[in-house]
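In the block that follows, a single chain appears as structure tokens, in the form predicted alone.
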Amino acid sequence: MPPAVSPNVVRELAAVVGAANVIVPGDERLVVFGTDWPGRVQQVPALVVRPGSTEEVCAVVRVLAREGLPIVPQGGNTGLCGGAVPSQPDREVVVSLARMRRILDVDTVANTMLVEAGCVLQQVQQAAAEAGRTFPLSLAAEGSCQVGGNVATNAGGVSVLRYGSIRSLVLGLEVVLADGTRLDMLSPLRKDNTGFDLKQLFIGSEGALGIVTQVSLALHPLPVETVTLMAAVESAGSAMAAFERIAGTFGARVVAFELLDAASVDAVVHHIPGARVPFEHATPFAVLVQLEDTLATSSLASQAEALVMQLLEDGICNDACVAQSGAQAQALWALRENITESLRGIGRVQKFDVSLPLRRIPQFLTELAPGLTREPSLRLFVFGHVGDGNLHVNVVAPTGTADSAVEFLDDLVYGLVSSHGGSFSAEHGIGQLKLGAMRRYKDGHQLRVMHLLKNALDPRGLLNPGKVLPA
């Protein structure tokens, strides 16, 4: 047992959550809880504690706070920036919410759902569907990520155009503060103008201000009709022209507008059995579009096909495919959803999750490629939710490439993003891996206010230390 955690403390925690839910040194599971999904951060925790209720979270936090032990809240641990694992070995205690996965209430009159933070996103989606509603947050990790983690990182995903990030879907929160106090902000009221909207402080705070334990979520009607299409375009500029036409025609019925470059699509085709491109000829870029309508007043599919024909006639795209079945739609989405997994098999991946003003995306990509030529072995893969300005820039180096060969990438990518008025983190958060960018590119006055909030709510810095805020 590390000296930071005494046997008496372990016994006290076990009395709260049960001995089976305190994972101690010597247990090989500690390595799993201390390793982020990409495997870039690995710091073995001193302990892992798995509470099963809000009351147990409060009791656990009070014990750890009394002992001055750093606390790392952890959901599904699917993040990409090391935000849910320790920042130093053998000293920090992971508090896993995985046992807290009850759906507490579904209200189809108010279109709300009350869930515990450990609910897996897919579980919430299924519960909403069973009630004849939809919970529209959708991302690649939905089979394993947890709602508390989604809230803590303000998860975005593919449906932001129509529904917004999870910030737009959260009506209320229950949070446990750094001293073990339970803060009840769970009211699902759509209007509650009684002072500061405190829940907003915790959405996107990555567990640095409190531990999310329950969430009141907004549900939406199930779509009556869904249309998925993919179009081939010659440039990012043509992709943005297509978006302008599609958004202008369909408005809020546009759920997703994704961009995929040829390299990303080729990676999926070569690494995922059965994957195929629906176009006869190679294309520099493809856009993947999903439309949906909750009213059965007219055929969305026929409108989409008519617009596609017009885009082809006007030369904005040079080929297109409108899915004629659910299976065809799934096959098109598989080209997008399997990119990240495919890149892992190619080499060492440097991920950049950035957002830009829509009109600046083509110029950004034009300026980015020449900057990579200083290291000829690097390969560029670009895809993302360009309808909301979010690009995932992935630079792949051969396995075994030295750190020194890729250390210029942060300055290159983030410098260009900053020059175009963008953000160096669109939806993945800060965690441990973007602290340097946070220090360099975040407005100093905003950082000062963030530190004031952190010091007010967690004066000893026990919650998720070494994350979000640079020292």
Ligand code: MLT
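Computed from a predicted model, the values in this text were never measured in an experiment. Start at 1 with the first residue shown and count on from there.
Heads up, the form predicted in complex with ligand MLT isn't pictured, but that's what we're talking about next.
**Message:** Partner absent here, but in the model of the complex, which of 334 to 342, 181 to 189, 123 to 131, 228 to 236 has residues with a heavy atom within 4.5 Å of ligand MLT?
**Reply:** That would be 334 to 342.
**Asked** ligand MLT in the model of the complex: within 4.5 Å of a heavy atom of each of Lys351, His392 and His428?
**Response** Verified in the model of the complex; spot residues all in contact, yes.
**Message:** Would you classify Leu171 as touching ligand MLT in the model of the complex, given a 4.5 Å non-hydrogen atom cut-off?
**Reply:** Contact check for Leu171: no, nothing within 4.5 Å of ligand MLT in the model of the complex.
**Request:** Tell me, yes or no, whether Leu80 is in contact with ligand MLT in the model of the complex, where a contact means a heavy atom of each within 4.5 Å.
**Result:** Looking in the model of the complex, residue contacts with ligand MLT include Leu80, since a heavy atom lies within 4.5 Å.
**Prompt:** Is Lys199 close enough to touch ligand MLT in the model of the complex, meaning at least one heavy atom pair within 4.5 Å?
**Reply:** Contact check for Lys199: no, nothing within 4.5 Å of ligand MLT in the model of the complex.
**Prompt:** Does His385 reach ligand MLT in the model of the complex if we count a contact as any heavy atom within 4.5 Å?
**Reply:** Judged by the heavy-atom cut-off of 4.5 Å, His385 is in contact with ligand MLT in the model of the complex.
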